[in-house]
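Next up: a single chain in C-alpha coordinates, the form predicted alone.
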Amino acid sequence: MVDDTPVATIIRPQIHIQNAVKSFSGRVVVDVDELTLGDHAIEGLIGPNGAGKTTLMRMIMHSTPLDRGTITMSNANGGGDVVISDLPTHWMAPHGLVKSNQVIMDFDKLTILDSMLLAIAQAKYEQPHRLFVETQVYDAAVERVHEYMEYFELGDPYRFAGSAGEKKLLDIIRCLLLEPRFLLLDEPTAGLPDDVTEKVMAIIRDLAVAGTSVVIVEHDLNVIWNLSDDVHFMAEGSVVMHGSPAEIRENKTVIEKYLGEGHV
(Lines give C-alpha, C1' and ligand atoms only; values in the text may rest on other atoms or scores of the structure.)
Protein backbone atom coordinates (compact mmCIF):
# COMPACT_ATOMS: atom_id res chain seq x y z
CA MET A 1 0.00 0.00 0.00
CA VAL A 2 1.35 3.39 -0.99
CA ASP A 3 1.37 6.07 1.69
CA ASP A 4 -0.38 9.09 0.18
CA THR A 5 0.26 11.30 3.20
CA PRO A 6 1.72 14.57 1.86
CA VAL A 7 5.26 15.34 2.91
CA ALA A 8 5.57 18.69 4.64
CA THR A 9 7.66 21.16 2.67
CA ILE A 10 10.51 22.66 4.67
CA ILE A 11 10.82 26.40 4.07
CA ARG A 12 14.35 27.32 5.02
CA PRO A 13 15.45 30.86 5.84
CA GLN A 14 17.85 32.46 3.39
CA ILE A 15 20.27 35.35 3.60
CA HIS A 16 20.53 37.67 0.60
CA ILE A 17 23.64 39.84 0.31
CA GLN A 18 23.68 42.71 -2.18
CA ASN A 19 26.50 45.16 -2.96
CA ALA A 20 28.10 44.52 0.43
CA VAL A 21 31.47 46.23 0.88
CA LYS A 22 33.81 46.51 3.85
CA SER A 23 37.21 48.19 3.97
CA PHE A 24 39.82 48.50 6.68
CA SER A 25 42.47 51.24 6.48
CA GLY A 26 41.61 51.83 2.85
CA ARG A 27 41.90 48.16 1.85
CA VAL A 28 38.76 46.42 0.61
CA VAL A 29 38.43 43.08 2.42
CA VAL A 30 34.89 42.18 1.32
CA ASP A 31 33.19 43.14 -1.92
CA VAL A 32 30.20 40.91 -2.69
CA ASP A 33 27.86 42.02 -5.46
CA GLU A 34 25.19 39.40 -4.93
CA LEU A 35 25.10 36.22 -2.89
CA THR A 36 22.35 34.04 -1.46
CA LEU A 37 23.07 31.70 1.43
CA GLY A 38 20.59 29.00 2.39
CA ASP A 39 19.61 27.60 -0.99
CA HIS A 40 20.92 24.31 0.37
CA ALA A 41 20.61 22.84 3.85
CA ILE A 42 24.33 22.93 4.63
CA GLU A 43 26.71 25.20 2.73
CA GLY A 44 30.45 25.59 3.09
CA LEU A 45 32.32 28.87 2.74
CA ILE A 46 36.00 28.28 2.03
CA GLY A 47 39.01 30.13 0.70
CA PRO A 48 42.57 31.08 1.58
CA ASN A 49 43.50 33.05 4.70
CA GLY A 50 42.57 36.70 4.23
CA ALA A 51 39.83 35.92 1.71
CA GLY A 52 37.27 37.77 3.85
CA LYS A 53 35.23 34.81 5.08
CA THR A 54 35.06 35.72 8.76
CA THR A 55 34.56 39.40 7.96
CA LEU A 56 31.61 38.51 5.74
CA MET A 57 30.04 36.45 8.50
CA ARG A 58 30.55 39.29 10.97
CA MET A 59 28.92 41.65 8.48
CA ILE A 60 25.90 39.35 8.33
CA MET A 61 25.66 39.51 12.13
CA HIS A 62 26.28 43.29 12.02
CA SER A 63 29.08 42.95 14.54
CA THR A 64 31.12 44.49 11.73
CA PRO A 65 29.11 47.28 10.06
CA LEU A 66 28.90 47.48 6.28
CA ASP A 67 30.45 50.40 4.43
CA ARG A 68 27.58 50.01 2.01
CA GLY A 69 25.15 47.37 0.83
CA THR A 70 22.17 45.43 2.16
CA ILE A 71 21.78 42.07 3.86
CA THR A 72 18.28 40.63 4.10
CA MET A 73 17.02 37.50 5.80
CA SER A 74 13.95 35.86 4.30
CA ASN A 75 11.64 33.50 6.18
CA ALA A 76 13.11 34.76 9.42
CA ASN A 77 11.55 32.56 12.13
CA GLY A 78 8.85 31.60 9.65
CA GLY A 79 7.97 35.20 8.85
CA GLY A 80 8.73 37.55 6.01
CA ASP A 81 11.84 39.45 4.96
CA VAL A 82 13.95 41.33 7.50
CA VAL A 83 16.73 43.75 6.54
CA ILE A 84 19.18 42.52 9.14
CA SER A 85 21.89 44.99 8.07
CA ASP A 86 19.66 47.67 9.64
CA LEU A 87 19.51 45.87 12.98
CA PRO A 88 21.91 45.81 15.95
CA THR A 89 23.69 42.54 16.68
CA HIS A 90 21.55 41.65 19.69
CA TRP A 91 18.46 41.44 17.45
CA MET A 92 19.88 38.61 15.33
CA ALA A 93 19.10 35.75 17.73
CA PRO A 94 15.43 36.76 18.16
CA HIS A 95 15.14 36.48 14.36
CA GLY A 96 16.67 33.01 14.48
CA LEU A 97 20.16 33.96 13.26
CA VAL A 98 23.02 32.67 15.42
CA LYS A 99 26.80 32.59 14.90
CA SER A 100 29.56 30.74 16.70
CA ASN A 101 32.82 32.47 17.55
CA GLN A 102 36.02 31.91 15.60
CA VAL A 103 38.11 32.92 18.61
CA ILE A 104 37.36 30.94 21.76
CA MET A 105 34.91 32.81 23.96
CA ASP A 106 34.44 31.58 27.50
CA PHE A 107 33.36 32.92 30.86
CA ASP A 108 36.18 31.97 33.25
CA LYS A 109 34.13 32.63 36.38
CA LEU A 110 31.09 30.60 35.26
CA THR A 111 30.57 26.86 35.55
CA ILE A 112 29.71 24.88 32.44
CA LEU A 113 26.04 24.90 33.45
CA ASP A 114 25.90 28.63 34.17
CA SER A 115 27.69 29.36 30.91
CA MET A 116 24.98 27.47 29.03
CA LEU A 117 22.13 29.10 30.93
CA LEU A 118 23.55 32.56 30.28
CA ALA A 119 23.29 31.94 26.53
CA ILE A 120 19.54 31.42 26.66
CA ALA A 121 18.58 33.87 29.43
CA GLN A 122 16.40 36.65 28.10
CA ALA A 123 17.46 40.23 28.78
CA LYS A 124 14.65 40.68 31.29
CA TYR A 125 16.28 38.03 33.49
CA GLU A 126 19.72 39.64 33.42
CA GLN A 127 18.96 42.39 35.95
CA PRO A 128 20.10 42.14 39.59
CA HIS A 129 16.58 42.56 40.91
CA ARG A 130 15.36 39.59 38.81
CA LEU A 131 17.78 37.02 40.23
CA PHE A 132 14.95 35.31 42.08
CA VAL A 133 13.50 34.11 38.75
CA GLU A 134 16.72 32.35 37.75
CA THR A 135 15.00 29.02 38.41
CA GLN A 136 12.57 29.77 35.56
CA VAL A 137 15.46 29.92 33.11
CA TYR A 138 16.88 26.70 34.51
CA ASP A 139 13.56 24.84 34.45
CA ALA A 140 12.89 25.83 30.84
CA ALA A 141 16.28 24.64 29.59
CA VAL A 142 17.46 21.92 31.96
CA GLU A 143 16.34 19.00 29.80
CA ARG A 144 18.13 20.25 26.67
CA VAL A 145 21.21 21.22 28.68
CA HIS A 146 21.54 17.75 30.15
CA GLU A 147 20.96 16.14 26.76
CA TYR A 148 23.98 18.01 25.37
CA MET A 149 25.99 17.31 28.52
CA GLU A 150 25.41 13.59 28.10
CA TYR A 151 25.82 13.54 24.33
CA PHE A 152 29.22 15.23 24.51
CA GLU A 153 30.19 13.43 27.75
CA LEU A 154 31.01 16.66 29.57
CA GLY A 155 30.59 15.16 33.01
CA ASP A 156 30.03 17.42 36.02
CA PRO A 157 28.04 20.52 34.95
CA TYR A 158 29.27 22.46 38.00
CA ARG A 159 32.92 22.38 37.03
CA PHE A 160 34.75 24.90 34.85
CA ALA A 161 35.68 24.26 31.23
CA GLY A 162 39.25 23.05 30.91
CA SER A 163 40.89 22.72 27.50
CA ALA A 164 40.59 25.07 24.54
CA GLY A 165 38.68 22.36 22.70
CA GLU A 166 36.17 22.06 25.52
CA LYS A 167 35.62 25.82 25.52
CA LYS A 168 35.11 25.70 21.76
CA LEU A 169 32.54 22.96 22.23
CA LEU A 170 30.71 25.01 24.85
CA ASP A 171 30.44 27.87 22.38
CA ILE A 172 28.80 25.53 19.86
CA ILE A 173 26.40 24.17 22.48
CA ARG A 174 25.38 27.71 23.45
CA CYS A 175 24.49 28.30 19.79
CA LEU A 176 22.44 25.10 19.69
CA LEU A 177 20.53 26.03 22.84
CA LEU A 178 19.29 29.16 21.07
CA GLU A 179 17.48 26.86 18.60
CA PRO A 180 18.73 28.73 15.51
CA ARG A 181 16.82 28.86 12.25
CA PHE A 182 19.98 30.01 10.46
CA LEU A 183 23.30 28.95 11.96
CA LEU A 184 26.68 30.40 11.00
CA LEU A 185 29.63 28.31 12.17
CA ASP A 186 33.11 29.82 12.06
CA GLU A 187 35.73 27.06 12.25
CA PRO A 188 33.57 24.95 14.59
CA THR A 189 35.89 21.95 14.70
CA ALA A 190 39.16 23.80 15.38
CA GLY A 191 40.81 22.23 18.42
CA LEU A 192 38.28 19.42 18.74
CA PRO A 193 39.35 15.77 18.81
CA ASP A 194 38.09 13.59 15.97
CA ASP A 195 35.39 11.83 17.99
CA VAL A 196 33.89 15.13 19.15
CA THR A 197 34.10 16.53 15.62
CA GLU A 198 32.02 13.57 14.41
CA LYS A 199 29.41 14.28 17.08
CA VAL A 200 29.25 17.96 16.14
CA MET A 201 28.83 17.05 12.47
CA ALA A 202 26.01 14.63 13.34
CA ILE A 203 24.12 17.34 15.23
CA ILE A 204 24.58 19.77 12.34
CA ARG A 205 23.12 17.21 9.96
CA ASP A 206 20.12 16.68 12.26
CA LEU A 207 19.54 20.44 12.48
CA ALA A 208 19.63 20.74 8.71
CA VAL A 209 17.16 17.89 8.25
CA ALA A 210 14.81 19.63 10.70
CA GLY A 211 14.89 22.86 8.65
CA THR A 212 17.80 24.94 9.93
CA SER A 213 20.01 26.56 7.28
CA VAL A 214 23.70 26.13 8.08
CA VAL A 215 26.77 27.89 6.66
CA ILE A 216 30.20 26.69 7.76
CA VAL A 217 33.58 28.40 7.47
CA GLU A 218 36.15 25.69 8.01
CA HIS A 219 39.81 25.11 7.16
CA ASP A 220 39.47 21.37 7.68
CA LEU A 221 38.32 20.62 4.15
CA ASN A 222 37.35 17.05 5.03
CA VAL A 223 34.57 18.55 7.13
CA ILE A 224 33.47 20.68 4.17
CA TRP A 225 33.57 17.84 1.64
CA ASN A 226 31.73 15.41 3.93
CA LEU A 227 29.13 17.76 5.38
CA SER A 228 28.22 20.39 2.79
CA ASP A 229 25.59 20.17 0.07
CA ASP A 230 27.04 23.21 -1.69
CA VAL A 231 30.28 25.15 -1.36
CA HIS A 232 31.06 28.83 -1.93
CA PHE A 233 34.69 29.63 -2.71
CA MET A 234 35.88 33.06 -1.63
CA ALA A 235 39.10 34.84 -2.63
CA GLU A 236 40.27 38.44 -2.30
CA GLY A 237 36.99 39.54 -0.76
CA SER A 238 34.64 38.09 -3.35
CA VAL A 239 32.83 34.81 -3.88
CA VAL A 240 34.38 33.67 -7.14
CA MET A 241 32.53 30.38 -7.61
CA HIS A 242 30.19 27.90 -6.00
CA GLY A 243 29.07 24.38 -6.67
CA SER A 244 28.89 20.92 -5.20
CA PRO A 245 31.83 19.76 -3.08
CA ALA A 246 32.97 17.55 -5.97
CA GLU A 247 32.86 20.43 -8.44
CA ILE A 248 34.86 22.74 -6.18
CA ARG A 249 37.50 20.21 -5.17
CA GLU A 250 38.03 19.20 -8.81
CA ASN A 251 38.24 22.75 -10.17
CA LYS A 252 41.74 23.28 -11.56
CA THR A 253 41.82 26.99 -10.73
CA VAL A 254 40.92 26.30 -7.11
CA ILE A 255 43.53 23.56 -6.84
CA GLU A 256 46.35 25.39 -8.56
CA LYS A 257 45.85 28.91 -7.25
CA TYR A 258 44.52 28.37 -3.75
CA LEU A 259 44.37 24.86 -2.31
CA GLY A 260 47.15 22.78 -3.81
CA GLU A 261 46.98 19.10 -4.63
CA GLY A 262 47.45 18.05 -1.02
CA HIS A 263 44.24 19.73 0.18
CA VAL A 264 41.75 18.01 -2.10
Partner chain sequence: MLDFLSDSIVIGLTEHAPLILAAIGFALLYRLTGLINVAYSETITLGAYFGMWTNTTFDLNFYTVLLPAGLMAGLISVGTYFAIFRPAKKLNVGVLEMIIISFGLSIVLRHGLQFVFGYPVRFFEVPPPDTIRVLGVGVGSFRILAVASVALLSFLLYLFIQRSSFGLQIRALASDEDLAQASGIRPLFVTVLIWFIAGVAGGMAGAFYGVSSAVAPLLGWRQFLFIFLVVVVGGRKGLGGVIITGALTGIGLAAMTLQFGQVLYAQLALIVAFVVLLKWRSKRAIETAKV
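This one's a predicted model, so the numbers in the text were calculated from it and none came from an experiment. Numbering follows the first chain given and starts at 1.
As for the form predicted together with its partner chain, it is not shown, yet the points below apply to it.
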Candidate spot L35, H40 and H232, all three in 4.5 Å heavy atom range of its partner chain in the predicted bound form? no
Using a 4.5 Å heavy atom cut-off, which stretch among 96-104, 143-151, 187-195, 68-76 contacts its partner chain in the predicted bound form? 96-104
Is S63 one of the residues lying within 4.5 Å of its partner chain in the predicted bound form, judged by heavy atom distances? yes
